[in-house]
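First comes one chain, alone, set out as structure tokens in the form predicted alone.
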């Protein structure tokens, strides 16, 4: 039986004459915590779009726990156990925190689990430190709280693979560290496989098991944080002395 939760082979994404992704091949094992880094325009978010059903890749395969899903809709990926966040939090600003999480639960469990919704919703809200904010209007929350809410909404769909797209964007250094600790704890609590795109490279490198580096739509390197920090190609293309320190 395959130990890969996510497997992509020869993944390509082309928009007209622009190759946003080119022949990307990688696997993420069940329970693994992988970071994805790279310069702006490297193809990181496009990669997430391709492995969550937002865009249909122009070439290659996308397998979730051994099942080919390339060309399927986002809700099909959700039913297969994939949940994701976005660079700008996708929350319902005029709804309460509780109603946002409840909506996510119902979306992720269409025609599925019967009962138990209240207990899962309560657990997710508690685990993401939003317990005292259940009745607050989501759009009025500060950025760090909106990030937490989007993570809570992703968890409410009961995922096995969690894709996080720059959940630390716009946060202070202390808030970035808090988010990293939260993600690591949730990964252990829920037994998740996590792929995290982030520009806060130092924090990411201290948190993940493995790092994949994208550059110009191609996989430049893939290895442990220590290997990536010492990789001359990565240093030249992106990191400079930032991680080597």
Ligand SMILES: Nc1ncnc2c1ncn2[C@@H]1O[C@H](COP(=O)(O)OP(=O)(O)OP(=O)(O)O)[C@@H](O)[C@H]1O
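Positions refer to the first chain, counted from 1. These numbers were taken from a predicted model, which means no experiment stands behind them.
Although it is not shown, the form predicted together with this ligand is what the next lines describe.
Position in contact with this ligand when the complex is considered in the predicted complex, options 45, 218, 59, 203, heavy atoms within 4.5 Å: Looking at 45, 218, 59, 203 one by one, just 45 meets the 4.5 Å heavy-atom criterion.
Residue among 63, 199, 210, 29 with a heavy atom within 4.5 Å of this ligand in the predicted complex: Going through each option in turn, the one that passes is 199.
Any non-hydrogen atom of residue 166 within 4.5 angstroms of this ligand in the predicted complex: Judged by the heavy-atom cut-off of 4.5 Å, residue 166 is in contact with this ligand in the predicted complex.
Residue 191: touches this ligand in the predicted complex, heavy atom cutoff 4.5 angstroms: Output for residue 191 is no: heavy atoms all beyond 4.5 Å of this ligand.
Distance check, residue 55 to this ligand in the predicted complex, heavy atom within 4.5 Å: Because a heavy atom of residue 55 falls inside 4.5 Å of this ligand in the predicted complex, the answer is yes.
Touches this ligand in the predicted complex: residue 109 (any heavy atom, 4.5 Å): Answer no; every heavy atom of residue 109 is more than 4.5 Å from this ligand in the predicted complex.
In the predicted complex: members of 14 to 48 within 4.5 Å of this ligand, any heavy atom: Heavy-atom contacts within 4.5 Å come from 15, 18, 20, 39, 40, 41, 42, 43, 44, 45, 46.
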